[in-house]
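A single chain comes next, written as structure tokens; it is the form predicted alone.
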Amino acid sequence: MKDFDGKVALVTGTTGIGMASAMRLAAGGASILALGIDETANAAMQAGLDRAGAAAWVVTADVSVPDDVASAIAVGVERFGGLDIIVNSAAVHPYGTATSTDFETWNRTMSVNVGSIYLTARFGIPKMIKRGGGAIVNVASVQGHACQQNVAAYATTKGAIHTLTRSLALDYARQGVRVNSVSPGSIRTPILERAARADGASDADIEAAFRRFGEAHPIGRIGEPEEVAELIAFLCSSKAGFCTGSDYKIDGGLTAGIGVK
């Protein structure tokens, strides 16, 4: 028997860590309900899950909009029979300081990165409780622990995810819902590719930029989405039954040192 046979998982974000998490949970036997705003990415995820023989429904939805999230969860639960797992991976990553970030960008970052977690909890946790509990994993970032310059909005949301994770864990522990977060370092995702481009990398320079980013990590490389997905799958599984309210770094040792030589 696979770890997730008979389980239903909601995943937000259909590229990078979201894509890898959906594929990993499906490989473990879970049915997948995935939400994303990018129709091209959604189609790619649906095709990948179909090829893997998974029961899956990928929905085009704005995870910061209450009606989109509520509707998708309601229809997904009707289709698959319930909800057991939530993986919140959807995110936007603008650059800017408090003075250079406009109010619209600030609010959008908060609504997507943090608001979507609130919405999936608001509409999803009651469904999980009906099944006797479940597991939620929120994708945060090392930027919630120690941040770079020029990422005020993004870093703020990642710190907020750590706090919201603890709050949800405490509020729903007695109902059997475990809530944890993971904090990746540099991972090979579209967001990291955009970071490379913001740093001046051209199409031809992306891999060189990734190697440079990797050199900042004591392990000497960037991580892969599948590595993060393995940690997420563990936290979603019964093997992590005593884990709740915590953040788990997966950063190649990035935050272990103080960066002074």
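Just count from 1 along the sequence shown to find any residue number. Remember, it's a predicted structure, so these values are computed and weren't measured experimentally.
Unshown form predicted in complex with a small molecule; subsequent notes refer to it.
Asks: Run the contact test on Ser31, Ala56 and Gly76 with a 4.5 Å heavy atom cut-off to the small molecule in the model of the complex and return yes or no.
Replies: Not a single listed residue reaches the small molecule in the model of the complex, so no.
Asks: Taking the small molecule in the model of the complex as the reference, which of Ser89, Thr165, Thr120, Thr109 has a non-hydrogen atom within 4.5 Å?
Replies: That would be Ser89.
Asks: Taking the shortest heavy atom distance, is Arg221 within 4.5 Å of the small molecule in the model of the complex?
Replies: The answer is no: Arg221 has no heavy atom within 4.5 Å of the small molecule.
Asks: Check whether Val139 has any heavy atom within 4.5 Å of a heavy atom of the small molecule in the model of the complex, and answer yes or no.
Replies: So Val139 counts as contacting the small molecule.
Asks: Considering non-hydrogen atoms and a 4.5 Å limit, does the small molecule approach Arg194 in the model of the complex?
Replies: Yes, Arg194 sits close enough to the small molecule in the model of the complex that at least one of its heavy atoms falls within 4.5 Å.
Asks: Verify the contact flag for Tyr154: yes if a non-hydrogen atom of it lies within 4.5 Å of a non-hydrogen atom of the small molecule in the model of the complex, no if not.
Replies: Yes, Tyr154 lies within 4.5 Å of the small molecule in the model of the complex.
Asks: At 4.5 Å between heavy atoms, only one of the stretches 76-84, 169-177, 91-99, 123-131 reaches the small molecule in the model of the complex; which one is it?
Replies: Looking at the other structure, the answer is 91-99.
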